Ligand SMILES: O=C1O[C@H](COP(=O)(O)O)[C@@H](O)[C@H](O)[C@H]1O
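Here's a solo chain for you in structure tokens, the form predicted alone.
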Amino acid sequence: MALSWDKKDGRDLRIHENADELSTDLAEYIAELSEASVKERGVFAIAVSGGSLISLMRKLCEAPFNKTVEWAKWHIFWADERVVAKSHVDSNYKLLKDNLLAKVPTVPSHVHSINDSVTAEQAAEDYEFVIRQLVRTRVIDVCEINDCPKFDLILLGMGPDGHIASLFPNHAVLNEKELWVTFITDSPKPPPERITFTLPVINSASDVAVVVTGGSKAEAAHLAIDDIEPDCPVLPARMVCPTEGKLVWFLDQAAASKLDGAKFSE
């Protein structure tokens, strides 16, 4: 049985016995947000990252979600992407297409992938332009506080180093305040060239979920979630703090094993 409890600062922690249980809860969470957004705005603007997160979304392809979710209302974006061809094994687009988009009836014109035929800098500029156009038409809502895009949901994974999207520890792009989408050419994890949402965009979303599994990420989860000493490193994942929205952490027991006060029911 899963343990779930609230922490301060508006964060909700959902800890599960295993990845399968987590996947079910994640699918229910996404489906509920989709239904609420479609009812309120007529669309659901969701941005996803890559990595193991995508395989954990697999239950959306199964009953009842494959039939009950209003897939035609989804507009899909990438919170970060590797600047490689869409057919490349490292492409986050390919990962999502193979594991989700090819299995559910989304609308091709609602799938907003990056321009993979230009430089990382140009790809970031082009992607921000696309997003600005869709904010103008309110396919994506707008955050009244800072005029950033207000995605209905941004789904993120986290690396063992505490990176989210392609925002890595101690990287200069963590300080970007003006751009919505930026780029890096020196990712510490290959491939080196990537585009990424900036922290102001991530923190302007209505809902943000960080999905983490495995013991290799337990220390980073502790540093990102728990009260820590002032001299501890501030990980990018700790900087996820929605201005007006809600933050949910989905973890399995291994990833949550170093959290303060973590106790698991049998």
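If you're wondering where the values come from, they're calculated on a predicted model, not measured in any experiment. The first residue of the sequence shown is number 1, and the count goes up from there.
In what follows, reference is made to the form predicted together with the named molecule, a form of this protein that is not presented.
K189 belongs to the set of residues with a heavy atom inside 4.5 Å of the named molecule in the predicted complex.
Under a 4.5 angstroms non-hydrogen atom cutoff, the named molecule in the predicted complex has S49 among its neighbouring residues. For the chain shown alone, T182 is not a contact residue for the named molecule in the predicted complex, no non-hydrogen atom being within 4.5 angstroms. At the 4.5 Å threshold, heavy atoms of A165 reach the named molecule in the predicted complex. Among M158, V83, I131, A124, the residue placing a heavy atom within 4.5 Å of the named molecule in the predicted complex is M158. Using a 4.5 Å heavy atom cutoff, N92, R194 and K217 all lie near the named molecule in the predicted complex. Stretch 50-58 is the answer when you ask which of 50-58, 64-72, 228-236, 31-39 has residues with heavy atoms within 4.5 Å of the named molecule in the predicted complex.
Contacts of stretch 61-79 with the named molecule in the predicted complex, defined by any heavy atom lying within 4.5 Å, are made by none of its residues.
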